Structures are given as C-alpha cells and as structure tokens.
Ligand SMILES: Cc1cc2nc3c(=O)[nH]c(=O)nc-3n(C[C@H](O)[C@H](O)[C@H](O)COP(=O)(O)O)c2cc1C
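Starting off, we have a lone chain in the form predicted alone, written out as structure tokens.
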C-alpha cells in the first residue's frame, strides 16, 4: 500500500487520491471583468492530478480590488468563467475548492470603484507600497468599518459562497491569512475596535466565524476549509499573543467540523512567513483543530513526506513547484527533478510561464531547466 504524500485520504466529503495539494496562487490571468477564461481553465486542468486544487484567491466584492487580471466571484460573468474551470477539472478527474477573500486594507485604493475608500477593522495602514494604477504608491489608510456595515460584508461572502456553489466548486476555502480583511480582524495589532468585533479573541474571531457559518450553511461543513498564517507579518500585521490567538481560532474551527485547516508555516528558516525568532505553532494548531490539517510553506518532497510520517500534517500544499510542474504528482512518484519556475512571468499575463511548462515526458531540447534531487534537498 502506498504511504505518505501519494496515499489516499478522505477529508470531509471528498476522497482524495493523494495528499499533494495545489496551493492557492494569484496568477493575474483573468479577463478585464475578473472572470477566468479558457487559459485559466487549461492551467488548472494541467494540474488536476493533485489530490485537491485550491484556486487563486477570488474577491467577494467589487470593493476588494487588486492588480489587473485578478479573479473574483461576485457577478454572473465570473460565475460562468469559474463554471468553465470546474467543468474541465471535473472532466479530468480533479477536485477543486475556491478560495474566497476580501483584501481589506490591502486593496488598491487607486483602482477603487468611484474612488471609494478602502476598508478595514481599524484605520491602520499597511507597511510598504502597492503597485497602483500609475505606479508604486504607499498603502492608503483605510476607513474603519462601522459595526452596522459588517453584516453587509458577511453578506458579500455569503453571496460569493453561493456563487462558488453555482460555479460547480466542490467546496470553499475561507482565506483568513496573509494580512487580508479576515486576518486584520483576528490580530490585535490591526484590530483596535471596542465593539463586539474587537477586544478579546472571541470578539476578534467573530467576523471569521460568521463567514464560516455562512459557508457551512450553504456547502455543509464537510466542504469548507479555512486558511491561517500565524507568523505572517511582512505588511506590519501583528498580534501580541499569536500562540493564544491562533490556538483559539483553530479550536473554534475544529468545533465546526470543517473539512480541513490550512496553515502557512514555512519550514525553511529565514523566509518571510516564518521569522527565526518565532516559535513554530503548527504542533499547537494540530492539537487544537479536530480534523485534517494541511501544511504549507516552502516544503520539499522530503520535508512533506516527513511531516506526514511524523503526524505533523495530513496533507501538504505546494505553490511554486506547482507553477512550474503541472505533473508534480507524477514527479513525486518517480522522484524526478523539476522544471525551474520563472518568477518574472508569475503575474505577467499570457501563456508564457503559465501553461507552457513541460511535463516529464515532453521536455524539449533547450526547454526549462530541470532541478536535480540534490537541488531539491536544498529547497
């Protein structure tokens, strides 16, 4: 019987043929209406041998605006575009969840409809710059949401979840990571509210739990996942007690019997998501969450196999490796080398660096360089 990454696993309502997950990755290939088209469908179909695909983060609201080509799921054209993707993935034998998010204070204020302000739990700007409509600019100071407005944002998530179901998704992943709106509510460094959505962790987690409960009501708990990033801090987001905060959240999500919990915690020292001075939280979240745990963070095949063998995780999601290796599962099976990803094409648009990476049995002379197993061990 096959073990480790290539073994079968049931999560929620789905039987997965392996534990290799395609991580959500923005690739900026959707159309001007933010709806995916033929090229996006082909990209996902190429990777349908993964145990599960989690789509690029898809905005739930026109008030969640990012670079051109990013995806959304709040109108009929976008639903139709995602239906094209799911039909093709299912025909190829794959399984696909849609990741849903609102950018919050990280939205592009230079592209907001009608010049509307960006919103967040509190009026605290991100650190750094954003590539705006006319070039790099500082992140804007967001407007703090009124208590009376929060139900409307939860409603935008609810409508997007319904749209994901109409688009044929097998489930949804609620994006509570990477400093976006839900994460901004969770952390006391970005949530200075004094109403029922601020203060102690039960209040700060209320927004996430309300969104999750909408997803559970529409899809069933066994088709809902959630993503967290306890150590993410590159945009200035922070929490005074990350261990306590994220243990509480994991425990509450587990009580709702979700299909899985997806945790970003890099295993390579010095990466932005895992500052060396921070204590790893994956073991604590593993204990707190009563269900399958998906790990993410610069894993090699060997590191992922070890995490599963040691019980640290049940599945592992891969990002850059899946960008450059559509047949990643087969490469793991053969213990082969990899195509090297070209970061200059990640958000460039078009087919290059998106759907033209060759499979193992179709590597042309002069094609993308193959990484050796020694390079893989180095990460």
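Numbering follows the first chain given and starts at 1. These numbers come from a predicted model, not from an experiment.
There is another form of this protein, the form predicted together with the ligand, and it is not shown here; the text below is about that form.
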The ligand in the predicted bound form reached by all of 26, 57 and 347, non-hydrogen atom within 4.5 Å: yes
Option from 45 to 53, 315 to 323, 349 to 357, 31 to 39 whose residues, in the predicted bound form, bring a heavy atom within 4.5 Å of the ligand: 315 to 323
Does residue 109 reach the ligand in the predicted bound form if we count a contact as any heavy atom within 4.5 Å? no
Give a yes/no on whether residue 296 approaches the ligand to within 4.5 Å in the predicted bound form, heavy atoms considered. yes
State yes or no: in the predicted bound form, is some non-hydrogen atom of residue 99 no more than 4.5 angstroms from a non-hydrogen atom of the ligand? yes
Can you tell me whether residue 89 touches the ligand? I mean in the predicted bound form, with a 4.5 angstroms heavy atom cut-off. no
The ligand isn't shown here, but in the predicted bound form which of 237, 167, 250, 264 has a heavy atom within 4.5 Å of it? 264
Exactly one of 227, 204, 301, 231 has a non-hydrogen atom within 4.5 Å of the ligand in the predicted bound form; which residue is it? 227
Partner contacts in the predicted bound form for 174 to 202 (non-hydrogen atom within 4.5 angstroms of the ligand): 175, 178
